[in-house]
Each structure stands twice: as structure tokens, then as C-alpha cells.
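The chain below stands alone and is given as C-alpha cells, in the form predicted on its own.
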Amino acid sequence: MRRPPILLISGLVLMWLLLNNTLSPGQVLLGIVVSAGMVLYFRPVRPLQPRVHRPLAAVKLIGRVIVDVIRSNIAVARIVLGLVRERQVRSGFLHIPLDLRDPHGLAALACIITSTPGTVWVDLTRDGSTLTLHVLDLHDERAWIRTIKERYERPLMEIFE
């Protein structure tokens, strides 16, 4: 039997403690038991296990995503509050060609894009080669494509492929 995924269990325990807003020993123990039980019980329905090849790249990507989410929150707040002066806000859809094929990497990309205010993952072609993205403030399509590919897709490929 393979070793249990400690990072997943730890993340679930942390989420449990945050949701319960406590660090009491009973809640810590209950969180560990529930998280480990769920992960081990549901392991058979997840036949494809993620393989993280470069953990340092994952840490750097997390930091980059946090900064981007904060920047996007500010940008969207400015748009909602009407603080964009005379500039016209133009939303739109764009199609981004993807090289990333790992399902865990694609899931992470979907989470990153959807958690960033002002962007929404709309569709992924059946073969996984093209992502359709909706952007609240779309001015330069090439810049958006370059941003997604360089800031998110490339690090995800380093991590998962």
C-alpha cells in the first residue's frame, strides 16, 4: 500500500480548523480522523494520482497567484466603483491554446483563473487544446494569452508534467 497523501490530509485538517475557528485538541483530532478517513476511503475512486515534480515551483506559483488575486480584486473594485475615469471597460471572450494536458494541472489552472476576480473559465475543448476565458476588462487579447501561458500554464507544466 502506498503512503497516504500527507499534504492533502494536512490541507483538509487546516480547512477543518479554519471553518470551526478553533485549535482545541478535540477539533484537531477530529479533523485528522475525518480527513484521513475521507482520503483513504475515497482513494479507489481516484485512479489517477497527482505527481508533483517541482514542489518549489508550486510554492512560487502560489505566491504569484496570491499577488494576482489581490491585484485583480483592486482592479475589479475600481471598475465596480466607477473609478476608471473616461476609459471604456470592454469585456469579452478569448480562446487560449493550451499545451498543458495533465488533468491535475488543468484543474489547478481552472481554480487559479476562476478565483482571480475579473476572469472566468468558460469552456475547455474536448481534446483539452483550447480554453475559452471570459475577461471583465479585455483590452489586449495577446497580452492576456501571454499572461495565462507564461504566469500559470508554464509553471503548472513544470509542476505536473
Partner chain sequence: MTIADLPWWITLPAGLLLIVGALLTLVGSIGMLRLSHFYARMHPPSMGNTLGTGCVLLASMLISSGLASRPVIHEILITVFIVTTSPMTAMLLMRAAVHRSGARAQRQLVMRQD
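Treat the numbers as computed from the prediction; the structure is a model and nothing was measured. Rigid core (definition): largest C-alpha set, two forms, superposition within 1.5 Å. Positions refer to the first chain, counted from 1.
The discussion below concerns the form predicted in complex with the partner chain, not included here.
A residue is said to contact a partner when one of its heavy atoms sits within 4.5 Å of a partner heavy atom; H104 fails this definition for the partner chain in the predicted bound form, lying far away. In the predicted bound form, the partner chain sits within 4.5 Å of a heavy atom belonging to L136. V33 falls outside the set of residues with a heavy atom inside 4.5 Å of the partner chain in the predicted bound form. Looking at D123, you'd find a heavy atom of it within 4.5 angstroms of the partner chain in the predicted bound form. In plain terms, the part of the chain that comes close to the partner chain in the predicted bound form, with a heavy atom within 4.5 Å, is 113 to 121 out of 33 to 41, 113 to 121, 96 to 104, 49 to 57. Taken together, L19, I70 and A77 are fully in contact with the partner chain in the predicted bound form: each brings a heavy atom within 4.5 Å.
Comparing the forms between this form and the one not shown, the C-alpha position of M15 differs by 2 angstroms or more, with the core used for superposition. After superposition on the rigid core, the Cα of T147 moves by less than 2 Å between this form and the one not shown.
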